[in-house]
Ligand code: GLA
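A lone chain, given as structure tokens: the form predicted on its own.
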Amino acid sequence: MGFAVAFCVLAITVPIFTLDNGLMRTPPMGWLAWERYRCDIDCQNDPKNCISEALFRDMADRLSEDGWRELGYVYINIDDCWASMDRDANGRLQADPKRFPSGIPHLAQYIHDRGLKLGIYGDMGTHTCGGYPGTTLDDITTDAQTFADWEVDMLKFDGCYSNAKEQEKGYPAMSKALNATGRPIAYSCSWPAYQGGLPPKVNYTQLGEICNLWRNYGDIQDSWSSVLTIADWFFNNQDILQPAAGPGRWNDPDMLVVGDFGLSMEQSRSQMALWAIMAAPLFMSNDLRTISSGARTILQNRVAIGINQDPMGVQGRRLLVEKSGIEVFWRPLSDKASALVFFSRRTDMPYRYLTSLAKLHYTHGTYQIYDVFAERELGPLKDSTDFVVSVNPTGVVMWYISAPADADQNSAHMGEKLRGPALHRKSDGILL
């Protein structure tokens, strides 16, 4: 790609520590109930939206029938409030019999039959955050085996109603117990979020050895201010967080709220772009039955997804914070390619940002540029050539940038990388 050597050395010399299950070599993608549906258990008055097997079947149908599964959105994840208030006679967790009358194993089979995977929620504590039975230290082996017996594919392990000492024992113990079941179960740890997210309380080397992904920060809400707060925390602490991420071990800034109520289309593109740059898990929390065409187009953008899913697995960085309110983000990709995001914090009008690839530390050469959300090639661009990008208020311009080469080779390379019916590419050859 030709970016500054220091960043590249940082990215490729970090040792790889992963949970010994071979899962999530790229960031996981799917759908997660919590932000949109919370703990709605009123199935009598709100049957379409309550936490029930019907809701998860509906979302599985949508993932499998509406083009999501083929793009990588394969997890259907249950969050809190699924369980009965009591364990069974053998001390095992059980689903609420009214809302999940068929049981979790039957739901897992329904989801697997559609080429998808089932995630479930637990809590390292006496109770879940919603007040349902938690997993104490004595319950860890039993609960891990229960999830394996149910053919669950992922566990999100929260941390309400526990203390730091219990978490220090419980999160590694659950990792070991999941592995011991013999079933590959991806493991999402909320441990760092309960310890402030940063060293010395959080040991990211250890997390990379026991967890596939982890929540570093608080819950996302359906608002632009929440998205900004989370993104700022991650990029303000990127020197600590970036080396921790890699294939099989991901920082998790929480769910995509694109398609809900709080973000404009510009802000929705911004969240998708920033999460892709961060190599973040892409778990949508929305209603796939009623999602707008605009939100669907953003979430199903093949090139944005491809950037997020890049197999090299290097988390991106914020390069610049300009006084004008423009920020620039960068991520190295496979085949010596890269992604750039120009993001505007402004709220007044589109801003014309002047720069060059050389000013952004790209080395000498000619690069081919593809505008991810406009879905068009922009033509060859020399590193030394000044260009202007117009960035809308609270919006982004996202570029996929090929490796430097001569123009003909670059054009062929881009055509190969971006080929696909869902791209709807424009071949108008617009130059910058």
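Numbering starts at 1 and follows the sequence shown. These numbers were taken from a predicted model, which means no experiment stands behind them.
Keep in mind that the form predicted in complex with the ligand is not shown, yet the notes after this line are about it.
This chain is displayed without the ligand, yet in the predicted complex the stretch 122-130 from 299-307, 145-153, 122-130, 84-92 comes within 4.5 Å of it by heavy atoms. Although the ligand is omitted here, in the predicted complex all of Trp34, Tyr194 and Asp219 have a heavy atom within 4.5 Å of it. The partner is absent here; in the predicted complex, the one residue of Asp96, Asp80, Glu327, Asp287 having a heavy atom within 4.5 Å of the ligand is Asp80. Proximity to the ligand in the predicted complex, taken as a non-hydrogen atom within 4.5 angstroms, holds for one residue of Arg215, Arg269, Arg331, Arg249, which is Arg215.
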